[in-house]
Every structure is written in C-alpha cells, then in structure tokens.
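Below you will find one chain, with nothing else, as structure tokens; this is the form predicted on its own, and questions on how it binds or moves follow later.
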C-alpha cells in the first residue's frame, strides 16, 4: 500500500510502498477513506524537539497520521463489537487495561496509553490497523471528510462542554484561531452559547471564526487593543463564564484568566513550548474561585457520542474550517499550507482514493 512515512530523523516525509499489516486477535484492518493533518503531525514532519524526544530516531521508519475515517475490511478472531463493513473513525488514545485511569473510566488519560501515529504506525496510508477498543462506528450519512476530523472535533467539544456540559446561555472566550479553536466556535454556536469571543493572530482564520459563529473576533497581535476590557464590556462587567485556552501562548493564557468571571471555568488545552507560566495565582484563581480543567484528548466515549450526534444533526457549520481536500500523494502541499505564515488554511483532509477524493471535492462545490 501507499503510505506517508517518516523515514529519517530530519524534516520531511516520503510517500512509500509498504506492507499492509495483518490485524492481531484484538485488532481491525481499516481501509482509509479520509485522513486529516493535525498539529501533532506537523511536529513530527518538522522533527522538532518534541518529536525527537517522544518518538526518537530509533523508531523510524513510521507512518504518520491519526485522524481518520474508513471501512473495516478485516477483524481479528477476538473482535466482537465491530464487523467487516462497518464505517468507523479512530480514537487516538489506546488505553492500557491495567491503568488506574482505565479502571476509573478515564481511559483517555491513562498512565501507559499508546497513541496512534506516535507510538505505532498511523493513518496516512491506504490501510490502518488499530485495536478494536479505539474503533468508533460512525453514523452512515456523515461524509468521510467530516468523519475524519471527529478526533480534533472531540477535543473542541470536550474543551467547551467540560465535565457537566452546562454551557447553554453562557458566554465563552476561545483563545486561539487554529483548527480546533475554530471547531470550538462552531460547537459553541450549535449548543447555545449566547456570546462567543475569539482571539487569534491571523485575519483569514478570524474570518473563518466569524463564518462559523463567533460574535466578536479580537486580534491578539494588536497591542493597542484591550481584549480583556472588551470581553468585560460585553459581559456586564463580570467577565466570561467560560474561557478556553487553545493557543498554547503564555500571553493568551494570562489574558484568559483576567477575562474569566468569578466562579467561571477555565479549560486548558493549548500546549506551551515552555511549561512555566507567570500568572496572578491569588487573584486569578484562588480569590476568583476559578475552576480549571486540563483537557487531554476526549472522553471515551461520551464525547464521541455527542460529536456523532452533532454531526448527524447538521447543526455544525464545519465547511469553512476544511480549507483544502487533497490526494494522499499531495501530502507535501498539505504540510506546506499548515506551516505557512500568516496562516491561510485551517483543516486539510487527504484522500488515498482518487474516486473518493473527486466525490468530496464535488460536495464542496
């Protein structure tokens, strides 16, 4: 099969012919319909410090990718829940059954979980083998370009909804105009958030934020713009009920705590290049009574259930977020667009099959 492979400990990747793996007893073989490029894939493509430490040269070659939708074409002898012909997507986090978190219903953050496309071969290929436990059966009417982005859409949904899902009629600030931040805007609009503020650096992405439901877009690079004051002005002087940090920028996080009202909830999702963050601990957290949620992945499988229902409902406006649909062989173009500054793209979806690619492109006309 054809696959996009990280072959060397340096920037880039190669399109190669590799063997199709045989599923183990608890695994399924999936024929990939669509697979989308994630920020994690960009880190690996660039072979930055995180990739060098997390994966390492000794593990190469390895197939990239983890966001995917496809058809089950073979199952191992112990597979019970899914069958050949099922249309599935894949949860990235492979739980370890013996982890305490798994036993407590927190499979997505287990101590010893593995990650598709990081700890094992990924989805930028014509076929993918994964454990049955991470296969999620899709509603049949969801086009593959949307089914393939459920994993990051799940990040956005979990980040917004938190643990209780009590967001209808609230006000929310979304810090960051990357693909997952934009998805959070679309979800917020679909589930009834009353006022949606978005901060970001790129005019093109902020325009997408408007298209999918943002009420206010605030350029984070404008030093003359008092973003905290604007949020307070439009929330009765109190601040927002919910702040989602999705940029990984220290400045954004510091502003976010100032934008949060007393008793509000701060969802921390963005990963920063440096872990240390200077903030007003007393006034920003303690005296404010702030609730802080660390968001790593999606709840398995509560979040997936909600995402599937939202997609099937046609209430999510995700079309502007998928900025390009390309063939798998054009992966270098996709990564170039993801790395372009200023950003002119959001989510890029790849199709290994030319016929399915043409169908997806026709759906966008």
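What you see is a predicted model, and the numbers here were worked out from it, not measured in a lab. Residue numbers count along the first chain shown, from 1.
Not on display, but discussed next: the form predicted together with a further copy of the same chain.
Within 4.5 Å of a further copy of the same chain in the model of the complex, a heavy atom is found for none of 20, 29 and 121.
Picking from 176-184, 222-230, 192-200, 144-152 the stretch near a further copy of the same chain in the model of the complex, with a 4.5 Å limit on heavy atoms, gives 192-200. Taking 210, 114, 291, 204 one by one, only a single residue has any non-hydrogen atom within 4.5 Å of a further copy of the same chain in the model of the complex, and it is 291. Residue contact with a further copy of the same chain in the model of the complex: residue 269 places a heavy atom within 4.5 Å of it. Looking at residue 138, you'd find every heavy atom of it more than 4.5 angstroms from a further copy of the same chain in the model of the complex. Among heavy atoms of residue 73, none comes within 4.5 Å of a further copy of the same chain in the model of the complex.
Using a 4.5 Å cutoff between non-hydrogen atoms, residue 171 counts as a contact of a further copy of the same chain in the model of the complex.
In sequence order, 272, 275, 276, 277, 278, 279, 280, 281, 282, 283, 285, 286, 287, 288, 289, 290, 291, 292, 293, 294, 295, 296, 300, 301, 302, 305, 306 are the residues of 272-306 having a heavy atom within 4.5 Å of a further copy of the same chain in the model of the complex; the partner itself is omitted from this view.
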